[in-house]
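Take a look at this single chain in structure tokens; it is the form predicted alone.
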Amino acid sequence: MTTYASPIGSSLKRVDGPGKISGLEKYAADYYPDNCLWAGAKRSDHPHALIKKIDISPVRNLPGIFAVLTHEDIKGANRVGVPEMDQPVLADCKVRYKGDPVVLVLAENKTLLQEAIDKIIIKYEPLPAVFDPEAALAENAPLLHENRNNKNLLLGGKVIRGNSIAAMSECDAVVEADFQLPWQEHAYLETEAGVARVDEEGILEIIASTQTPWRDRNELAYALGWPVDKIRVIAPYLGGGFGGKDGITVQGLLGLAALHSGGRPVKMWNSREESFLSSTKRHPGQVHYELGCKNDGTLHALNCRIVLDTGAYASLGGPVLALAMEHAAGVYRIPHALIEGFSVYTNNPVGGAFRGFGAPQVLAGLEQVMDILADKIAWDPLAFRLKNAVMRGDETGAGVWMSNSTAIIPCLEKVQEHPLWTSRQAWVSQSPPFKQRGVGLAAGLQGTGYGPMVADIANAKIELLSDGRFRIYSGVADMGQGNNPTNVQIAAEVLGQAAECFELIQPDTLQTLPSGSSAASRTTYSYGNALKAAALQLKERILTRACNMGMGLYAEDFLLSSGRLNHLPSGREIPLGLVAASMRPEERVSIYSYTAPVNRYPDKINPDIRAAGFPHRVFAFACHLARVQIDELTGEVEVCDYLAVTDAGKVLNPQLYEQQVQGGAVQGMGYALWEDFKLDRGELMTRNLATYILPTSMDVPDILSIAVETVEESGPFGMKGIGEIVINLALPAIANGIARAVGQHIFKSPLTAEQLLLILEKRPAE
């Protein structure tokens, strides 16, 4: 008998590794169908303008140009987006940002395609534009969407606990600060790409790099006027997503192109420049914090005002705001709080989902004012956090009940006892010449799942194949985080099989079942719960069938092992293929639908904010520490050491867990220090990776990861989501370290060398 080792808790080899490393695995960008056409868009070069005339006559009859399409060729509503469908596939009456697609061209090759796009003439009537979200809230601001009752306000609301105004006057110490948070580009390796065709039966088939194949299908049906049951969306492995493919990117244009290609397949693949121009970004934000405490270190009152720039279209700007408000009080008990939030339309690029989903913006502000307030009352910043941190059963300052596993205090204690913290004063005192050193930390949380916005449902499907192996039909896209290998790990644990006994079907609206988006730290949590239950069902059927076959009297006498059943009393081994052959095909397929729990705690917020996803029930927690060194001559910031302590429940795969920590922390460092996405009146000043500086392995230190393993009773084998908590704290931890090095906080990020040099130059000579 093969010795069985539980895969849960072990660094099982990634089943997707060999295909990706060898180049055999095909991403959406890798598909080149025979006889395919290329599709590309002529985009707006105005931030806000009426479309007066579209002249396609210069290209309509050019050799190699197959079709030239405008909004008039769209039979459906010509609108995509969730929850608000306000973004046109092709702009009709007007454009709302530099990047709106206006004309779609189909050509025989990419060279002809670009020549045609350049020759199309569009006449505009420019309109007044607005680029600042505060200005967009003014009564007389230019309107982007004239039919909206709330003008340029996409979503606004308040969270009120106690009386923060009166309570602030009762505080012994109060601090205030205004923070400016930047755009952040997803900068995934694989830019937006896909292929599409209409087959002989009228099925519109799209293979796309998408986090949301099922939602895409519904949006495409509405936008293009094509029956939903005649649309198939396939999502291969993604070359990165981070939220940027949480919804339609090129799928609308691809679908439209395929409907006018005469049955020929169509390919579309954005260049890096077009990706920068057209893709969604992390919402830039303006966040005001006022925080007060008593002399004994007890937090007493919080006022917070959040303004997020959602750009020209809603995308997920409403839910991002709701999560920002939910996380605005962090991990702390604060009895009196007023949190106001506004998500605002402007003529800037579209803000959308991005890892952290609003939490990085607010925690960047909160965790810096926590440090400033601790200094004001002469408290150690870590001890100050420990005194106010929530435990299970508490409410945060935003009124969110911590009903499930809550281990922020153990996270803080791990940092408190770590040598990077205990030796910080000695390390700072050993600063080399012309260098300044500081050590900063930050604590935070991240909700898992959708919250009460929509039902968080995953439908798992697993099949026993006739040869005794198993097939998992994955309903959630894998954008690199490793949920597919983890799915194998979960099924392998339940069914007692080796990883080699499984094969995977990628999300496909024809073959797999709807299971929501690959987003919100819910991918393994929700689908893993469904898959675990489906595998248990299948296991029971297999064991029962073995008894039916006369192999034994009791199901509990059998043990499943790789490719076989072992009858323990007799020592006999039965090939699983033999059992499979005795089962009908429908018996060999197990399906289970799982719905994630929702926080049903009484509302303290207005219904619109709750409907956008406030509050969550399950949270991950973390505390990060950064040791930074600033060059007095150049302003360069070097992150010398970095520690991430995380409570994401039970660790199912230590290697995948650490990869998430490493990747998230590095992406957070880029957000903190280098990724400076610039705009000038809606015009991109940062057009590609030549000027948008991403951190490389040469720019970051070894990142130490410590897991605080709680057991989350609602998660599969005790886990909860880790995908987002890992990015939330790099900015405030580094900012606090810089402030301790140079003696001054910087409230505008990224924290560039230019800003540091200005501060250093203004300091009095020592």
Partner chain sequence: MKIVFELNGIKQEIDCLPDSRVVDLLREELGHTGTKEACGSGECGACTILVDGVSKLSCLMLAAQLQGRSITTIEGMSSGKKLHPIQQAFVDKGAVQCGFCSPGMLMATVDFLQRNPAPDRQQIRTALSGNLCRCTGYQKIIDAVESAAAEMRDEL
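Positions refer to the first chain, counted from 1. Fair warning: this is a prediction, and the values are worked out from it, not measured in the lab.
Beyond the structure shown, there is the form predicted together with the partner chain, which is absent from this document and is the topic of what follows.
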| property | result |
| --- | --- |
| Partner-contacting position among 639, 462, 479, 402 - heavy atom within 4.5 Å of the partner chain in the model of the complex | 479 |
| Sole residue of 505, 689, 553, 391 within 4.5 Å of the partner chain in the model of the complex, by heavy atom | 689 |
| Per-stretch contact check against the partner chain in the model of the complex, the hit in 536-544, 319-327, 415-423, 667-675 (non-hydrogen atom, 4.5 angstroms) | 667-675 |
| Heavy atom of residue 238 within 4.5 Å of the partner chain in the model of the complex | yes |
| Any non-hydrogen atom of residue 156 within 4.5 angstroms of the partner chain in the model of the complex | no |
| The partner chain contact at residue 593 in the model of the complex, heavy atom, 4.5 Å | no |
| Touches the partner chain in the model of the complex: residue 190 (any heavy atom, 4.5 Å) | yes |
| Partner contacts for 253-269, taking the partner chain in the model of the complex and a 4.5 Å heavy atom cut-off | 269 |
